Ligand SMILES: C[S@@+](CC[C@H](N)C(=O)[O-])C[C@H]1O[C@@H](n2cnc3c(N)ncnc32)[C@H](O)[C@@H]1O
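Take a look at this one chain, the form predicted on its own, written out in structure tokens.
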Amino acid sequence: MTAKTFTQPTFTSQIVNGLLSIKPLANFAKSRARSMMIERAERLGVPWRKRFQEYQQIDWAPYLSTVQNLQLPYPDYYLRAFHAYENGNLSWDAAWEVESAAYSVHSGIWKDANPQGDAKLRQSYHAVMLDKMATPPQRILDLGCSVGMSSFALQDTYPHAEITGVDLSPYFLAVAQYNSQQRPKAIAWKHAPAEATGLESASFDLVSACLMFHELPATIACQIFTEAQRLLSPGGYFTLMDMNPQSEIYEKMPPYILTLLKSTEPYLDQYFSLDIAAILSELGFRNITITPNSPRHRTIVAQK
């Protein structure tokens, strides 16, 4: 499977890439992007720093030991600096801050949405799924489940389904395990890469990936599409929600803001180059639809 492309980086994007190849400038951009997110969150009433301090006081060892696979090797793409963290997603700092970051980043999607923008974004994703899928799924896999926000949203939408969440960060999964304690139904957490989950073939009616693919190299994304096809039962659905490369917002984004964004998203150009519908079609998926579900996001639905 080869990664197809439908666009090349713009001239502005190429200039930004050149700037980010200079390490001091890249470090400054990452630091500034992080500061802006925290400041925005606090202005909106999201207690970023307070929540971080609360998480620091918790004994995480029991939660980590429950979910971590100590024998799991980490692929090279996952070991690089990411989202302004030197250790990427393999850190407690990233795990403790991801919820606040989501509320901050998604607060501006809709006018006056504020911190509710994140919930509205996930609801808009599920609205497309409900419209496109004929039968409610009973067995759901949430790829790249992070700290469980996407898994919990799926559970709220499909309360009778059995849900499994897969992520490569044991720190994220430990937070997911902690946050799931008060949920009405248990979610199974699995520490594994999305491209090689080790789960049984044809064992899910729905494989969902929420806000994951813009964080991946194109080659890994293609492997995940293949893995999703393997994991789905006949007639099952693969769905994803992520940034929409065709949104005018990204085309018109000022160079300064684009620099800050790309400083924390090292694989963004590769994601924007993927013709996902064509790749899924090559794999034998049918009934492929692409639906904008926010001013800057899209939902792709495909059936096995």
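Sequential numbering from 1, following the sequence displayed. These numbers come from a predicted model, not from an experiment.
Here the subject shifts to the form predicted together with this ligand, a form of this protein not shown in this document.
- At least one heavy atom of residue 192 is located within 4.5 Å of this ligand in the predicted bound form.
- Put simply, residue 214 is close to this ligand in the predicted bound form: some heavy atom of it is within 4.5 Å.
- The closest non-hydrogen atom of residue 104 lies beyond 4.5 Å of this ligand in the predicted bound form.
- Within 4.5 Å of any heavy atom of this ligand in the predicted bound form lies no heavy atom of residue 227.
- Heavy atoms within 4.5 Å of this ligand in the predicted bound form are found in one stretch of 230-238, 192-200, 132-140, 174-182, which is 192-200.
- In terms of contact with this ligand in the predicted bound form, the residue from 163, 210, 95, 206 that brings a heavy atom within 4.5 Å is 210.
- Proximity to this ligand in the predicted bound form, defined as a heavy atom within 4.5 Å, holds among 222, 109, 168, 128 only for 168.
- If you check this ligand in the predicted bound form, you find a heavy atom from every one of 77, 89 and 145 within 4.5 Å.
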